[in-house]
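Before any questions on binding or motion, here is one chain by itself as structure tokens, the form predicted on its own.
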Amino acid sequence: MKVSFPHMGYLYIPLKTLFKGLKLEVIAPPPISQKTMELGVKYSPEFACLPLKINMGNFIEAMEQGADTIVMAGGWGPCRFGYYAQVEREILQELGYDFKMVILEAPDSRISELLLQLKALGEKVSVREAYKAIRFAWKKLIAIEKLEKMLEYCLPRAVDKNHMETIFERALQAVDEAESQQEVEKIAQESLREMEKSPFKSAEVLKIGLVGEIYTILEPASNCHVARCLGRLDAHVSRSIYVSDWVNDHLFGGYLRKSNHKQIMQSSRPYLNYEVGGHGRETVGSTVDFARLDYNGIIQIAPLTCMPEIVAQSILGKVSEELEIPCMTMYFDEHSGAAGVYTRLEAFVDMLQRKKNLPSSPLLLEARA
């Protein structure tokens, strides 16, 4: 069995570790490229949202490299994600690919059920070996997210932003290649120290909350690298969700660490009192939380036609007015261009810096020249 899966940010690193721990041959799809987009758009329904199209491109590229099994997450609720796997399977079968689609349904707190799903995927592994594989993958995921959060903090403050990104990319590769939990922890600690010791500017930076649909937030290729761009414009970005939050809340019922999901749901009241699918309610609750933490602005990002985020967007205007925090919404599809996205980000950051009487970032000064 040669297993592959869709790309979503740096999730491919712990997924490779998990499947190798289940004694499966792993064929990770190539990094998302223009070719990936073109394949996905060519064979997906026009009205489908961008994540499905990128998934399709991922799967086709992986199967062209020999993958014969696709592992995909399932879901339910108003978001169309719940039937992504079924739609993708039918399209790929019509294209003539011979493969097996394994759909992992989120068991919502029933840990034993998740363990059995993963054990069934592994051909010759015990429950103990499956548990060990999950634990090692989780360690890698946590290490990666520590590095991501440190980059989000350091990039806007760094004197040499290229050097900061180089440290991060080097650490990611090392974590990917690590063979033990001890090695992962050592790499993370050393890389975090190296980032902390880099020269920083003394000027105050903006704080911007990034909220919206989970795939668009976590996969840089789907949002024209919004977080990196904001960091280079001297804005400290905090995301409303990370992969470990979703895994902890939906797969392990908050067992792995303390969850703030209930608090986010409470913050969404009285603006939104019921579920609207996807992460629409979390978008509203996280915006309220960022405003209460004195963030300077909010950027909501989502795929074009994302119904839960359209509902959230209709509410963010009231949140923005009452809590006095500027909000900007950006939708992405295959027609989104980096130049247009960066222009909107520069204008938003410029407005916030003027509002707070902060000096403009060097990139903005260069753009105005």
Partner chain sequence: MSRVGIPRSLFYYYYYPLWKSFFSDLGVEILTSAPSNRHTVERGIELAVDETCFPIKVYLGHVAELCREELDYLFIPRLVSVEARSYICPKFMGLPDIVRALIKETPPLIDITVDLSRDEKCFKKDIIRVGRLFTRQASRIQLAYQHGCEELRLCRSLASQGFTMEEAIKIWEGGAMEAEPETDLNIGVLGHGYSLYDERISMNLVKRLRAMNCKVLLPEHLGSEVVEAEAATVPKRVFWTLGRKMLGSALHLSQREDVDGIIYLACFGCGPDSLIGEIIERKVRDCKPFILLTVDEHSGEAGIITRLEAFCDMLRRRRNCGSESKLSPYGVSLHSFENTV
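Residue numbers count along the first chain shown, from 1. This is a predicted model, so every value here is computed, not measured.
Unshown form predicted together with the partner chain; subsequent notes refer to it.
Think of it this way: in the predicted complex, the partner chain has a heavy atom of just one of Leu272, Val175, Val288, Ile241 within 4.5 Å, and the residue is Leu272. Among Leu52, Ala67, Cys327, Ile301, the residue placing a heavy atom within 4.5 Å of the partner chain in the predicted complex is Leu52. Comment: 86 to 94 is the region of 149 to 157, 86 to 94, 132 to 140, 194 to 202 lying near the partner chain in the predicted complex, near meaning a non-hydrogen atom within 4.5 Å. Interface residue remark: Gln34 is not counted as part of the site for the partner chain in the predicted complex, having no heavy atom within 4.5 Å. The partner chain is not shown here, and in the predicted complex it never comes within 4.5 Å of any heavy atom of Thr343.
The partner chain is not shown here, and in the predicted complex it never comes within 4.5 Å of any heavy atom of Pro29. Mapping the unseen interface onto this chain, Glu105 counts among the residues with a heavy atom inside 4.5 Å of the partner chain in the predicted complex.
Along 45 to 67, a non-hydrogen atom within 4.5 Å of the partner chain in the predicted complex is carried by Pro45, Phe47, Ala48, Leu52, in order along the sequence.
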